[in-house]
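In structure tokens, one chain follows: the form predicted on its own.
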């Protein structure tokens, strides 16, 4: 793992000078190695959080022992262009920056930021007790990309380079020219003879996911959009860069000679570069107090998952060239700027074993058991690996160090294996030949990506179907929880959902932790399900690809479960929001003999089978104040800032609209959040209006 425990934040003070010097040497060497892997090979072994802990440990040790200072230490240099003496590669030409491109000091929490603000005020000569004098502070997103410089002469882009070690970077002019949002020629007037702009090249999340999905196991996966961007910027063939979804945000200048306006004021900088034809920054505010920044921090962190790109914090800068020059710079970072970091979303840990879980449809899903690690404030010990092809594509083995990520409410996911840390003890992940629940031989069709158990009476499948049938979003059977379902399956009292309706209070009362009253309550809850809307029953049946939204669409169109059961796929695809794959799955489901037998028992049990009161789906409606979305068909996709998809769908239906699962020519509007995927592409292709949550709420409120 590391020559020093990366979780160590303060050095021990009891060791001798030789031991301390040895620790410093080991830390410096290790950080140089990881800088090399990150900046040169574009193949990091550590997560950002793990690297930051090593870096802070070195800083703390150097503060305690200034007599062991080393000007070549990673804490004294920018970036990480330390090349091993024997490194041989096709390197890009080097570029020397006229003005060094410095790194930023990091604040891991608002308290450290408060200490920085106090130092800034002191450096500007503001007395501690002076509460009247304010210092203007610019707040921006800290884009998670690659720092670059673009040089314009006579208004034409003539040179592009990476930050490198801050003094010397790599020449990437042709690759920068492939970024569509970066103009090759400045627009407007007041064009200086030479302009050096600094910014961050990044990759959108949707573009990154599509690019990674197209890569093979031999090519390997990128760990994150920043890693992919770094690799792209160093491509020798600009056609490769042109094929990738790159964008850029400009946030600073190098030399300001010959420029009339104060481009060291972020406000003036952004106004001026917009006049020259550059994109505006996605976020910028000017504040004067720590409390304002703390409020922004909370707001942005909460909305982070809704952004179409990755950010890893906020950047706070003192506004204005005179103030910045007064504060000055250190060897590695300016005193007038700092990065307020968010909790890390990726960590490095070890994959201990893989367990195969059987779902209600018979699909076997691999779950990675990990050495527990803190990711975004949550201890993670399990993560999904999706399916065998995903394991193959990521090249994961038992015993590997892996990068694991967690974003928002998404289940933790293994991103990739860190192959360079293997020691030969790692073993391949075994693909099961028999179901771990019932020992039935599994099958793995060549055209499928999942291993499946064909035994519909498999206990794991039975439990899964019953849990889904009784779940809150399906028939909502109060009191029928997992532990009770487990007992019913183990004692072979229930094998199908219809068996539930044959249960009596006497039978239930004999089970563990079930008294007479509890048993009677469950029977009453089962009786109450007979009044549930038919769409809930359709959802509860567990038809492949049919969730709540599609169930409502089908019932609104056919209104009778017997009619739906005999509808052909050709008839079903006529329903807006139901595509060929869904139609085929529904028809195949109802064609199965065991399903027809199950439906007959459910119908005889008295569950609602028809929806008599539904208005015909084709009846047009006019928008009103109470129903502003009447007659409109919505599709909801991506991660919304403050609403779940279910909540957004409920709000649409309450406002008179309809929610579909797929985009078509009949779709009125696409409500899109972060990571919208292919639905956004299709909507744009069909000319369907796309709105975000803010616009959605505005229209809802009239």
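The shown structure was predicted, so the numbers you read here are calculated from the model rather than taken from an experiment. Residue numbers count along the first chain shown, from 1.
The following text describes the form predicted together with a small molecule, which does not appear among the structures shown.
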* Between the options 558, 251, 222, 629, which residue brings a heavy atom to within 4.5 Å of the small molecule in the predicted bound form? -> 251
* Quick one: from 458, 104, 135, 450, grab the residue that has a heavy atom within 4.5 Å of the small molecule in the predicted bound form. => 104
* Using heavy atoms only and a 4.5 Å cut-off, decide whether all three of 200, 281 and 317 touch the small molecule in the predicted bound form. => yes
* Does the small molecule get within 4.5 angstroms of any non-hydrogen atom of residue 569 in the predicted bound form? -> no
* Although the small molecule is absent from this view, report whether residue 336 comes within 4.5 Å of it in the predicted bound form, heavy atoms only. => yes
* Considering only heavy atoms, tell me if residue 140 and the small molecule come within 4.5 Å of each other in the predicted bound form. => yes
* Looking in the predicted bound form, any heavy atom of residue 163 within 4.5 Å of the small molecule? -> yes
* Which one of these stretches, 141-149, 382-390, 183-191, 471-479, sits within 4.5 Å of the small molecule in the predicted bound form when only heavy atoms are counted? -> 141-149
